[in-house]
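Presented as structure tokens, the chain that follows is alone, the form predicted alone.
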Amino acid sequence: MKEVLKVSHLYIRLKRALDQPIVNNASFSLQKGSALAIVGESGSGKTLTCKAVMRLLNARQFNISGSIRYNGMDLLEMSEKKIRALCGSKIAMVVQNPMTAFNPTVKIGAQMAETLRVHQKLRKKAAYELGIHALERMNLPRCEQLMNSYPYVLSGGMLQRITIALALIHEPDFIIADEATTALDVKNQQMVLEEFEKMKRRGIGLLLVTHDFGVAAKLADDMLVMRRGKIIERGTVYDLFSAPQQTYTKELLDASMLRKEKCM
């Protein structure tokens, strides 16, 4: 399988405390058409790692070292112009709160069309029509009406599916999903998980950040466990569920099972 992302010896430090890395020597890779889950409690370094991949960390606050290679190119060494061209087209991200992905005062259609015009150099009408087609592929209802709606009138589940449609519209090589199902109800969560499964079948890599072992079990092929900025365990989903080696991993699994039982 083709490797689309390779992170090697990644360190992330606050510039005011360079002696204490908040992500400590993280290394992993992602293959085309596969899903890698990064699990761990809040503050373990999962989201920071993904933001480093997307070059979203403020260079005035963070010091980042190591290498992050996409198709052999080191993202940390790329110019801002090249990164902007890649992110949103070949590399996409779906965040936990979809409202933060949209300007609440601008209609969905205008925002989708603007993104398409930037990355694909389309005329306004062509970009708008492609946006409608993208929503239709997600099996969303009344797509023309959705394009003419403001984000604040739509539900979180609806907005998350629109975010995924926007992420897929450029046929990226991989997508980072950062707690993308956490804020959704059970029905919308299932719909989003089904869309992620379709991505994998289309050959898109998925880097899944979650604290929900149930989501990891449904989607991921391999899994990393992070604690206090370090990867403390890794393996296939089957191996980590059936025979976790670290006490911390066992505790996370037990907590996830207990939470599931309480919800039943």
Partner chain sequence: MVVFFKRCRALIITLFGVTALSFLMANISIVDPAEAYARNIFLHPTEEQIVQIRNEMGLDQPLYEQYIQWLGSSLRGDLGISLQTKNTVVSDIGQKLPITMQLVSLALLWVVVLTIPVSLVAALRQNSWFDHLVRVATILGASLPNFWLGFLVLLFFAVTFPIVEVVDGNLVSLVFPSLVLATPLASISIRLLRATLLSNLNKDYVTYAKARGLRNGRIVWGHVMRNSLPPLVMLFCQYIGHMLAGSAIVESIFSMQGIGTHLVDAIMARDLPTVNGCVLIIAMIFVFGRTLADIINKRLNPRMINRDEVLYD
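Note that this is a predicted model, so its numbers are computed, not measured. Numbering follows the first chain given and starts at 1.
The form predicted together with the partner chain is left out here; the points below concern that form.
Query raised in the report: Tell me which of 126-134, 157-165, 189-197, 69-77 has residues with heavy atoms within 4.5 angstroms of the partner chain in the model of the complex?
Result: That would be stretch 157-165.
Query raised in the report: Among V95, I175, M138, L184, which has any heavy atom within 4.5 Å of the partner chain in the model of the complex?
Result: Only one option qualifies, and that one is V95.
Query - Complete contact of N25, S27 and S44 with the partner chain in the model of the complex (any heavy atom, 4.5 Å) - result: The answer is no: none of the three residues contacts the partner (heavy atom, 4.5 Å cut-off).
Query raised in the report: Applying a 4.5 Å heavy atom distance criterion, does K121 contact the partner chain in the model of the complex?
Result: It does not: once the partner chain is placed as it appears in the model of the complex, K121 has no heavy atom within 4.5 Å of it.
Query raised in the report: Heavy atom to heavy atom, is R227 within 4.5 Å of the partner chain in the model of the complex?
Result: Taking the distances in the model of the complex, the answer for R227 is no, it never comes within 4.5 Å of the partner chain.
Query raised in the report: Just to confirm, A217 within 4.5 Å of the partner chain in the model of the complex by heavy atoms?
Result: Contact check for A217: no, nothing within 4.5 Å of the partner chain in the model of the complex.
Query raised in the report: If you check in the model of the complex, is I169 within 4.5 Å of the partner chain, heavy atoms only?
Result: The answer is no: I169 has no heavy atom within 4.5 Å of the partner chain.
Requested in this report: Taking only heavy atoms into account, state which residues of 138-160 are within 4.5 Å of the partner chain in the model of the complex, ordered by sequence.
Outcome: The stretch 138-160, when checked against the partner chain in the model of the complex, contributes R142, Q145, L146, S149, Y150, Y152, V153, L154, S155, M158 at the 4.5 Å heavy-atom cut-off.
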